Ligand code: HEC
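In the block that follows, a single chain appears as structure tokens, in the form predicted alone.
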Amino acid sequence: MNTMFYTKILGGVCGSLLILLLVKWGADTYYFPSTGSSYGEEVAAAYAIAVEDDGNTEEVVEVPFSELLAAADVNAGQRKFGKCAACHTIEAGANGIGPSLFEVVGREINSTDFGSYSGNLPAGTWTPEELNAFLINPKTYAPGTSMNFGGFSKDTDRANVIAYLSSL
């Protein structure tokens, strides 16, 4: 092949890039007329929409966990426990992938014959408040845990599950 062929290819590529550059410049000028470039300074809005405050904003009232636990539904907790039942049992001494949760409320943390626990569990007792803190997000409560459970986001779900575990 001769050099004329390569010159035509190079000219075509350069011409295409020039057309793309001109189209971008034209689009910037059309869509951002005050600055001429989308990378320019911030442009103020053309008009503002006024919104009236009707005074009907509701305050979110934080309910203490002890009140949620007192009003918890054991049957709803049993249904929600299905997420836990994939790895935990509720039979005395029968461990699954995780330790048995039979009589877990009031039990010392790390006190079962399960073996080695993953993560950094603190010393203490599994009180309803400790279980609540754990069930919000186990990976935050016990960093390094191998649990793949993300926790219960709703306070009522956690209270119901803890009420179910307390009833065992």
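In this text, all values refer to a predicted model and were calculated from it rather than measured experimentally. In this text, residue numbers run from 1 along the sequence as written.
Form predicted together with the named molecule: not shown, discussed below.
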* Is there a non-hydrogen atom of P99 within 4.5 angstroms of a non-hydrogen atom of the named molecule in the predicted bound form? -> yes
* Asked: Is T140 close to the named molecule in the predicted bound form, meaning a heavy atom pair under 4.5 Å apart or at it?
  -> no
* Is T156 one of the residues lying within 4.5 Å of the named molecule in the predicted bound form, judged by heavy atom distances? -> no
* Quick one: is N132 in contact with the named molecule in the predicted bound form, heavy atoms, 4.5 Å cut-off? -> no
* Asked: Taking heavy atoms and a 4.5 Å limit, what residues of 130-149 are near the named molecule in the predicted bound form?
  -> L131, F134, L135, T145, S146, M147, N148, F149
